[in-house]
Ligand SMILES: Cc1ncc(COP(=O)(O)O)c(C=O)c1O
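The data below hold one chain only, encoded as structure tokens and taken in the form predicted on its own.
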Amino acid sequence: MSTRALMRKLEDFEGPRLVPLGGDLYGASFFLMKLLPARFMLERATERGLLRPGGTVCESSSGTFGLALAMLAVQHGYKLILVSDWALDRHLHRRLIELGAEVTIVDRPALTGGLQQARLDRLQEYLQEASGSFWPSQYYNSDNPLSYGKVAEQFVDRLGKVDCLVGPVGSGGSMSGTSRYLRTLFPDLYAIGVDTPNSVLFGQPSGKLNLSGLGGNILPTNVDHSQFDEVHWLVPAEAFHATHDLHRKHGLFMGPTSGAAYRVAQWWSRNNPGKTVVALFPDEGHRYAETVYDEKWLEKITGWSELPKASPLAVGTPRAPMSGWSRFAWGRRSFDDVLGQAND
């Protein structure tokens, strides 16, 4: 069986289900969204001679990209080395080990860039030790956003015109890539990125991140800021409430990044009737059963006992302190253009 055929044994799991959520709002519900870019990056690497049969793949991940690589490594016979941190769910950790991955946990943040940078520093050590190893580099590899043309095509086939795309931002691949493709057909597409306070992705001062899979303490090149019309920031309790709403009202058992995207998309759809809105829901909620879906755990979360806001607070700068749901009109500008104005 060819390399391409081996990798595509998991291809049926890559695409989302498009679920109607009322009116013209749809959720793009993925089993595991990172399977698509992971498969595409490995496939392109083999075509370029960067990854050979039985080779070693090294990556930094505390979430679903690592799981996607582990699943593909089993299918194709690669050795996989993952560098992660405390945010790695213990059940996911066990699953990665079961799949044959070598997992290293970094517990001390770098002076700048936090745990993400510390993971990347450790990763470089492994890459130097393992001769001929391949680093997919989900934060910087342009094949990441490029892979999402397949998702955009599915939206168009199923829905026709898409007026608004809403999604969480981490590596930047899904939102930047999907919106870029959709705009080749729909130049007026309105793209909304969902982030969390203390994330540097859209200009917040770097701090501790408490929402797995959302935001970051380093700025990936795969975040194409010129794709975004608007950015929203949600604190953990708001994302968790929305995640429960998505489950109770629509039967979608998803992770908290999906809940955050749902809250923002629902608000925008309500304020823009007649517009077709698609929200990206990256992964299912099984690895959050003992956290986001556990009432005792939630009682310890700041703001959980409070009623969530019905709408966001508009802020004049992305550097503003944010204690709750906030939004900023990004206007498809570059990072330097926006933050340069914010500093004036």
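Small disclaimer: the values here were computed from a predicted structure and weren't measured. When you see a residue number, it is the position in the sequence shown, counting from 1.
Form predicted together with this ligand: not shown, discussed below.
Checked against this ligand in the predicted complex, the candidates Y148, Y78, W268, F155 yield a single residue with a heavy atom inside 4.5 Å, and that residue is Y148. This chain appears without its partner; in the predicted complex, the one residue of G216, G203, P197, G172 with a heavy atom within 4.5 Å of this ligand is G172. Within 4.5 Å of some heavy atom of this ligand in the predicted complex lies at least one heavy atom of M33. Proximity of E43 to this ligand in the predicted complex: non-hydrogen atoms within 4.5 Å are absent; the residue sits far from the partner.
At the 4.5 Å threshold, heavy atoms of T56 stay clear of this ligand in the predicted complex, well away from it. Looking at P168, you'd find a heavy atom of it within 4.5 angstroms of this ligand in the predicted complex. Heavy atoms of every residue among T64, D283 and Y288 are located within 4.5 Å of this ligand in the predicted complex. Of the stretches 245-253, 97-105, 111-119, 172-180, only 172-180 has residues with a heavy atom within 4.5 Å of this ligand in the predicted complex.
Applying a 4.5 Å heavy atom cutoff to this ligand in the predicted complex picks out T257 as the lone residue from 236-266.
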